[in-house]
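Here you get one chain, nothing else, as structure tokens; it is the form predicted alone.
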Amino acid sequence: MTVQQTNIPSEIESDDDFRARLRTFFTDHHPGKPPRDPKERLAHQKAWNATMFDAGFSGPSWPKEFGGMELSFAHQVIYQEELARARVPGPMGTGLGIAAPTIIRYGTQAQKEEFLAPMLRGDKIWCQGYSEPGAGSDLPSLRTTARREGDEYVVNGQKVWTTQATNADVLFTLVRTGTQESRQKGITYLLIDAHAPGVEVRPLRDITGGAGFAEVFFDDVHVPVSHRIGEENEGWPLVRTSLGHERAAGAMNQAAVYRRVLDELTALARERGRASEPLIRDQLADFEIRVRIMRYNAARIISDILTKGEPGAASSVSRMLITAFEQDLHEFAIGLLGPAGLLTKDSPHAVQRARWLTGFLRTRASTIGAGTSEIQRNTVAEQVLKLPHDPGMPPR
């Protein structure tokens, strides 16, 4: 894909100039509120993604040759802050922060040219196919298989809790190409066409009433060998890259978003006449401290990526902090609203269209997704604190 963009400055901008340029763009091109109909909402977001890409406002950390902005540390922080401030949709699909860094590091030049720019523009939606019914927290026990036949792999098995699978065009997956006993040494990283014959996606309804997750079944699905990232049976180091960048991407984005959300929650406490209550003030102060820690930790991760190429174990620290924070924050919001906090968005008396109740329900899964809190604690214990391997987990 040929990358042609506008609005690219010829010289390095000051922080203030960059922030002003972002604000002008988001004001002049704001996409407005997304439609409620799921199909219309998807088209709305794809159009916005294309607008940002064509104007040169996508992929803050990506190389420019693939359509990214290749921003400095300070400008990446500003980018996330202004994106959250403008309340515009962020980049679409889980591939951007997870699969893309893996392809950039391990992919061939042909794979980079084929996959990266269409992913960033939103022409193709990507989703992650890692978790399986028997392989979530213990990812190396996955059982979806791929056997090689000439220039293709034939894939059979099942994935589950796959976010956005119903809208996806490409699944980046882990498959078993070695024996079950080989664990990490028998895993291969494949990119699978989500519309290929033999792929079946079944939506899963969750506690919010939505269907953001799905089960994905593979029945003799043929995948070109050219869509393998890295070498056969050598996919595990790629997984670690993907997972690290997944947590890093979440840290940068969520630190900016929760800065705005906490300000809105504080405003809500004032509107309801409760901001002067000592216990409310104490809790809001605690959230303020945690949001600032979140921001500093995200900045540390960005710095690690820029200097070392990898987010490191700090991304697990960040993931633990954010997931506990967002659950505590939404639980507090429901308590602040009292009985009104239990009204659903269908009620005419719901406060702010029941956003706090929806957030409360949605964040119940936060400490499970992208690696459970227990997995994050093990990572921090072993890689940061250098403690012995958890005896309750299988040997590597």
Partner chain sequence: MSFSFTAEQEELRQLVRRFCEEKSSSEHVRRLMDSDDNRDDKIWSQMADQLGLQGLSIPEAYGGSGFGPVELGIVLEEMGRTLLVAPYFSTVAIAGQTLALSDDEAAKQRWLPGIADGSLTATLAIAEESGSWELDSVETTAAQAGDEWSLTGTKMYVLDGATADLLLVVARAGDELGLFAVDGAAAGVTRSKLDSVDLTRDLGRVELDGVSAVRIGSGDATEMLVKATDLILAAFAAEQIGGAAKCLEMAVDYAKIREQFGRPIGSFQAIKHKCADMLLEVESGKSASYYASSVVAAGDHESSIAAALAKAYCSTAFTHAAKENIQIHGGIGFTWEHDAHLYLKRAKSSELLFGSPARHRERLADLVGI
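The term rigid core refers to the maximal set of C-alpha atoms that superpose within 1.5 Å between the two forms. Numbering follows the first chain given and starts at 1. This one's a predicted model, so the numbers in the text were calculated from it and none came from an experiment.
Form predicted together with its partner chain: not shown, discussed below.
Student: Quick one: of V77, L321, A86, V239, which gets a non-hydrogen atom within 4.5 angstroms of its partner chain in the predicted complex?
Tutor: After the contact test, the surviving option is L321.
Student: Give me the residue from R272, K185, R281, R202 that has a heavy atom within 4.5 Å of its partner chain in the predicted complex.
Tutor: Comparing distances to its partner chain in the predicted complex, the residue within 4.5 Å is R281.
Student: Whether S141, G209 and E264 jointly form a contact site for its partner chain in the predicted complex is the question; each needs a heavy atom within 4.5 Å.
Tutor: No, because S141, G209 and E264 lack any heavy atom that approaches its partner chain to within 4.5 Å in the predicted complex.
Student: Choose from 116-124, 102-110, 290-298, 151-159 the stretch whose residues reach within 4.5 Å of its partner chain in the predicted complex, heavy atoms counted.
Tutor: Looking at the partner contacts, the answer comes out as 290-298.
Student: Although the partner isn't part of this model, could you tell me whether T307 comes within 4.5 Å of its partner chain in the predicted complex, counting any heavy atom of the residue?
Tutor: Answer yes; at least one heavy atom of T307 falls within 4.5 Å of its partner chain in the predicted complex.
Student: Any chance A314 has a heavy atom within 4.5 Å of its partner chain in the predicted complex?
Tutor: Flag for A314 set to yes.
Student: Answer for S303 alone: is it within 4.5 Å of its partner chain in the predicted complex, judged on heavy atom distances?
Tutor: So S303 counts as contacting its partner chain.
Student: Hey, in the predicted complex, is D286 touching its partner chain, heavy atoms inside 4.5 Å?
Tutor: Yes - in the predicted complex, heavy atoms of D286 and its partner chain come within 4.5 Å of each other.
Student: S303: after superposing the rigid core, is there a C-alpha shift of 2 Å or more between the shown form and the other one?
Tutor: Yes; S303 is a residue whose C-alpha shifts (by 2 Å or more) between the shown form and the other one when the cores are overlaid.
Student: With both forms fitted on the core, check whether the Cα of V77 differs by 2 Å or more between the shown form and the other one.
Tutor: Comparing forms between the shown form and the other one, the V77 CA shifts at least 2 Å.
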